[in-house]
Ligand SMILES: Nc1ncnc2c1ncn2[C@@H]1O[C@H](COP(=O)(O)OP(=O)(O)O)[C@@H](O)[C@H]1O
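Next comes just one chain, in structure tokens: the form predicted alone.
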């Protein structure tokens, strides 16, 4: 059996204040679209950065296994990591303008990737960079390739960042809040573009977002994170129609689309605890309307409640899935 493109087991990312990520598993197959959702600070972006060896200091990464595209990142040298970044895994960051060098024309920035990972000479890389900018929908790519990031709109910069990510022909594209700074029309264009590229190239994607509607419509499987842990994992349709974890249910209840016009939106009470302040037992129990005595002393483990549907809850909501 072919090993998964991403094979992560018992990933923990520790900082002096405590573990920001605390023992999660992540598996992504070739061509698969996976979503990673949760509130700000739950560990989503750090999980993604670990796939490129980019966890910032003073963070420390530990794992039973951390393999991406056949590379063991736990034993990788800096040279190995340079080959993985851009060549095997590429990342589209939240702020496309900040991700680009402000003093270098965008075409040169795409061409640099082609020279590094494609082995092209400068002139060939320049031509291919213009073609790549055209493939991601940038109008008049030859002219726009000479522009600086400050001369382009947010949506245009996002297309450049995607072109830069795809220039190295990666097997996995990590998209971290790829539409946060964009208006609704541009959001749809970017998401449609990613879907087209995935269909054409069998590119696997890991989409990180707090926008559950976006993830529901653009992924096949979703993992839900809360305070450093994966608390639920299921096929997208199953998770959004029959969540088993109260945290997932709470996130879904916050969506305006689930309420009638004029109806007051619900919210998850309080805020997630910082690592050093997390309670004993279930980390969500202080905010959970279904918490019982067992939740105060015993931390739930992720277990399969139904075919392909995993949850970390002592009292899952979807009773039928566990039958």
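Positions refer to the first chain, counted from 1. Computed from a prediction, not measured in an experiment: that's the story for all the values here.
Quick note: we don't show the form predicted together with this ligand, though the next part is all about it.
Q) Taking 4.5 angstroms as the cut-off for heavy atoms, does residue 41 touch this ligand in the model of the complex? A) Contact check for residue 41: yes, within 4.5 Å of this ligand in the model of the complex.
Q. Should residue 15 be classed as touching this ligand in the model of the complex when contacts are defined as heavy atoms within 4.5 Å?
A. Residue 15: contacts this ligand in the model of the complex.
Q. Heavy atoms within 4.5 Å of this ligand in the model of the complex: does residue 20 have any?
A. Result yes; residue 20 sits at the interface with this ligand in the model of the complex.
Q: Examine residue 274 and determine whether its closest non-hydrogen atom to this ligand in the model of the complex is within 4.5 angstroms.
A: Residue 274: contacts this ligand in the model of the complex.
**Q.** Candidate from 46, 52, 61, 288 lying within 4.5 Å of this ligand in the model of the complex - any heavy atom
**A.** Contact check passes for 46.
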